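Before any questions on binding or motion, here is one chain by itself as structure tokens, the form predicted alone.
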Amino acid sequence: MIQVGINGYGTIGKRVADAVVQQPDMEVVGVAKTRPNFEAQSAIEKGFDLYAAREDRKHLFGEAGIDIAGDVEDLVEQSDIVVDACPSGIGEANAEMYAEYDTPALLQGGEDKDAVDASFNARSNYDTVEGEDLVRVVSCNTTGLSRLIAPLAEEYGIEKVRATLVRRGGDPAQSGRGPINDILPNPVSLPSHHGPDVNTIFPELSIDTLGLKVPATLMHMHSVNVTLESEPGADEVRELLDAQDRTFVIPDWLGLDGAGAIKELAQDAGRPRADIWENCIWGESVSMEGSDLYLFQAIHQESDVVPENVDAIRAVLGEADQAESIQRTNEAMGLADGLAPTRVAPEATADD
């Protein structure tokens, strides 16, 4: 069994921990937190050993009546690999600790690309990270764009990608980012950081990205234009995207007109925390004008990188090939079942 440590048990870390528990070939050694709070208590209730991420705050756990198993260094030493889900910048600072204990680590997309040996997306470059010491699982937006770009590039070839990202102002629990009532170019210059980030996965890809930040918390929205090297029909492109493991082409009959409706669907489907691990692409939006493809997709910023982290564990350790890992992850998490309900055909009548 792969022994996985989770350093940082917040929005991403707690989701990755739950996903690792579901994997038949992995175990959670424990999780590290900087302070006692409801998430630390939740980790204890779930049976995870809790470790103190900072020596100067270690005493706070005892004062709160929360038992800890040791320091974060103890967690790192016991782990085959660590998923670092700390806030941006902290992962890079932790790299020296991981190197000291000769434990490979996965950082998240908020870290600088130059701080790691490689960037990772399961669909696009799974086979490139085996044996690396420090790997970055790219951000939620880059993950969504990479999942879209990979099959299009393989099937049709790509001349140019242009994407406008309408980004949520903050996660639902990030009260420090609001209340807000504005629409901000973010950044006002071209490109946004997302294009260069996609180039860490597709170095030769020509891509321009623009970013906007809006007062919302549910999901990001992408308006995408891809100039292909051929001219497939829109139906053909829909079928290609719908056949991918982690893309959900929304049929019009579901009546999902926005991110709120998608989240409601996820709740009704029984997804944990109403998480949406797939790219959600509106089928009606998939259009071709000559060789130009246009579409809208929604990306759930809190969860689409979770299966990517699980696959990255196997990829770095060389424990499974791409197809095997993605299948294992999807089946264990319930991703293989899909998000959409099965459409029930009307019953035949005697006159039919």
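Bear in mind that the values here come from a model prediction, so they are computed numbers and not experimental data. Numbering starts at 1 and runs along the sequence shown.
One more form of this protein, predicted in complex with nicotinamide-adenine-dinucleotide, exists but is not displayed; see below.
The unique member of Glu319, Glu27, Glu39, Asp292 whose heavy atoms fall within 4.5 Å of nicotinamide-adenine-dinucleotide in the model of the complex: Spelling it out, the residue with a heavy atom inside the cut-off is Glu39.
Listed residue that, although nicotinamide-adenine-dinucleotide is not shown, lies within 4.5 Å of it in the model of the complex (heavy atoms), from Ile68, Ala53, Ala43, Ile326: Comparing distances to nicotinamide-adenine-dinucleotide in the model of the complex, the residue within 4.5 Å is Ala53.
Exercise: Ser88 in contact with nicotinamide-adenine-dinucleotide in the model of the complex, heavy atom 4.5 Å: The answer is yes: Ser88 has a heavy atom within 4.5 Å of nicotinamide-adenine-dinucleotide.
Touches nicotinamide-adenine-dinucleotide in the model of the complex: Glu111 (any heavy atom, 4.5 Å): Within the cut-off, so yes.
Non-hydrogen atom contact Ala118 with nicotinamide-adenine-dinucleotide in the model of the complex at 4.5 angstroms: Ala118: no contact with nicotinamide-adenine-dinucleotide in the model of the complex.
nicotinamide-adenine-dinucleotide contact at Gly8 in the model of the complex, heavy atom, 4.5 Å: Residue-level check for Gly8: yes, a contact with nicotinamide-adenine-dinucleotide.
Stretch in contact in the model of the complex with nicotinamide-adenine-dinucleotide, which is absent here, among 28-36, 60-68, 310-318, 281-289 (heavy atoms within 4.5 Å): Partner-contacting stretch among the options: 28-36.
Contacts with nicotinamide-adenine-dinucleotide in the model of the complex, stretch 302-323 (heavy atom within 4.5 Å): Residues within 4.5 Å: Glu302, Val305.
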